[in-house]
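A lone chain, given as structure tokens: the form predicted on its own.
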């Protein structure tokens, strides 16, 4: 197992190198001039050239990439000109909010998707099965930005059930002591129940909007896997021995059916990180997604490159964890 993990980590290096190349090239071909953002629109050409030289933008692209890679090896992700802070500092500041939103969305998708998939498979052709198909179709086809606006319109503008979709806490509640960076966990640790309730209400709509696509895919994959497993001999044998149906479903069948579902979950975490960019922008959620959106609008290269590199690293580590989890779900799997 240790050699397999080490080998996968070594494979990660060329992947991250490729991400740096792609992110570097894409940011450079985007329209706009970062020097204009720093110097302002009403400046002379001579001043603009000086600013561009101070930012290193006057050098050839290969030279710029060489200096970027050299700084990256020192742990320097660059400087965010539109915030005035190093990119690493900004990402560490906004990272907890994105993790909180992403994990909550994933939790919603798993808590609802897996039971609905199991129920849909066991009642195949019934009302619940047809209803789950409708939910899956809506979840996969509905754009996040449109769903987010609908949720805001219904639950905030019309019903007033949730606070204004601005940030992670209401101004009246105020900040909580930062122990972990998560408003929910920090509220629990500080016994601030008002902040806990307010934080959960702020988290509810964006996490629902972000989870719909993953919920639909997890539900359909679980259903398909359960139907395949229910038709196998070991299930018929277990039933013929008189084992309780719940034991057959949840001890034997579901464990095997979760193997392809776990694969999908690992892939969907990457999709959640990408979807967080849109969700955080709509709900004014102070996470990495909103930070990158603001960076793109400001034509700030370094934050976009840093976010791409961090997302690729997290995606690879998560998929490594998924592969290791296979060994617990199926003892027949051997790592080499």
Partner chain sequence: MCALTFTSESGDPRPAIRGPAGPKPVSPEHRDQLGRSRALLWRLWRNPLGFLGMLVIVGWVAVAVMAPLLAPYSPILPDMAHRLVPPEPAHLLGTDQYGRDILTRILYGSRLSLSVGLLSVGISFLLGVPLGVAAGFFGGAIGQLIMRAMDVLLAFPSLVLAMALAVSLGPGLTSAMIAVGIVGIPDFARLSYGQVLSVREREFVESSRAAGASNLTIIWRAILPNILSSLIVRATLGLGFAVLTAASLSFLGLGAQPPSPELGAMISGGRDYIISGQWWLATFPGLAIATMVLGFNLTGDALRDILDPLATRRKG
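None of these values were measured; they are calculated from a predicted model. Numbering follows the first chain given and starts at 1.
Keep in mind that the form predicted in complex with the partner chain is missing from the display, and what follows is about it.
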query: Heavy atom within 4.5 Å of the partner chain in the model of the complex - the one residue of 128, 142, 189, 103 that qualifies; finding: 142
query: The unique member of 237, 124, 180, 243 whose heavy atoms fall within 4.5 Å of the partner chain in the model of the complex; finding: 124
query: Contact flag, residue 133 vs the partner chain in the model of the complex, heavy atom cut 4.5 Å; finding: yes
query: Proximity of residue 92 to the partner chain in the model of the complex, heavy atoms at 4.5 Å; finding: no
query: 4.5 Å heavy atom contact, residue 64 and the partner chain in the model of the complex; finding: no
query: The partner chain contact at residue 278 in the model of the complex, heavy atom, 4.5 Å; finding: yes
query: The partner chain in the model of the complex: contacted by all of 224, 282 and 308, heavy atom 4.5 Å; finding: yes
query: Heavy atom within 4.5 Å of the partner chain in the model of the complex - qualifying residues of 230 to 255; finding: none
